[in-house]
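For reference, the chain that follows is the form predicted on its own, supplied as structure tokens.
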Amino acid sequence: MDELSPIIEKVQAGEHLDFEDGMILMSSRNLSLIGSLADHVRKTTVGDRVMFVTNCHINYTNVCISKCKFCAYFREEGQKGGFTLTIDEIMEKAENASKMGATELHIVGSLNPKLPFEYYEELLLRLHEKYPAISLKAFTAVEIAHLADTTGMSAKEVLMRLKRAGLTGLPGGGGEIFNEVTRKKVCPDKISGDRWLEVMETAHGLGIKSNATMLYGHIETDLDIVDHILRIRKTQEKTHGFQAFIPLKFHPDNTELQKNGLVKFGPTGYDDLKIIAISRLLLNGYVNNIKTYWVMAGEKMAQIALHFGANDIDGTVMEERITHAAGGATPEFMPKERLIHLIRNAGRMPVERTTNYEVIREY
């Protein structure tokens, strides 16, 4: 309690927390108090409404040159299990999603060197033409940087062309952990954290909103976590373009980090709740939507996270391959009715939203 007293005072006074505060929170074992603080801040900032979206995840390829050590999803060119969807196959998935009432398509893949820029452009053009009311939240900052590098265009040019084709937002993936020493150990061939933030800043400048993520529970330190969250905050001060922050729980099964013995176990429930709470406390007033991603956290932990600072539970998802390749045991689809039940059961009001956090319906 004593070490958290100055933080309690700051929270009560509505002051923003700093790096030292973040480190104190990370080292504290008083989870119930940290959770209570985060829940208090959540209530005063966004109230008791919990957001969700009717969405469909489409993973268009798993062929990747990045080969991140925390990833069990990627395959090399020609390797068994590798796939790349044709645009027609993606259109079929979009048709199914449309019939199920999806308002958002979440389209992410890998860094496939064989896919030309025209693939991405045509995909968005065709989707936007056929489903103009569905948001196309597509391609992480890492994929945008890859397209810039392989085409010789700037990230700005890539984003402008994709926006003209129908892109409405960027997902938050690829952030992983920004500290360069740690990042080099877990994803040596991925763009730097600085470049990830630069791509996001460019997107925000073009009116393309995005989410932001952080991968935790692998080999990162407390300092890495606080640094990562505060760098998101610093960018948000400039751009106001991040709509939600999503801490992503590392799943070790089938990954290089597990095979090499660097990580034996993934994060615990204690870690999950603590990271959600600290994210709320450090980002409050900057990024006010803190998402507990039920696909990674699990349904039950996602419910509890709603009492530790989270106010968004993601969505129906409909299909997800990346987490499940690393041993994720959650369903690949959550019916809207079940999402509503989970939120209500946690004592909160379910609110269906658009990609841009406009309210569609309160339940």
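Counting begins at 1, following the sequence as shown. These figures come from a predicted structure and were not determined experimentally.
Keep in mind that the form predicted together with a small molecule is not shown, yet the notes after this line are about it.
The small molecule is not drawn, but in the predicted complex it has no heavy atom within 4.5 Å of Y120. At a distance threshold of 4.5 angstroms between non-hydrogen atoms, N211 is in contact with the small molecule in the predicted complex.
Residue contact check for F250: one or more of its heavy atoms lie within 4.5 Å of the small molecule in the predicted complex. In the predicted complex, T255 approaches the small molecule with a heavy atom inside 4.5 Å. Listed stretches are 151-159, 128-136, 213-221, 84-92; the contact stretch with the small molecule in the predicted complex is 213-221, by a heavy atom cutoff of 4.5 Å.
Contact check at 4.5 Å (heavy atoms) against the small molecule in the predicted complex: none of D272, I304 and G309 pass. Here is the short version: of G193, G266, G173, G166, the single residue with a heavy atom within 4.5 Å of the small molecule in the predicted complex is G173.
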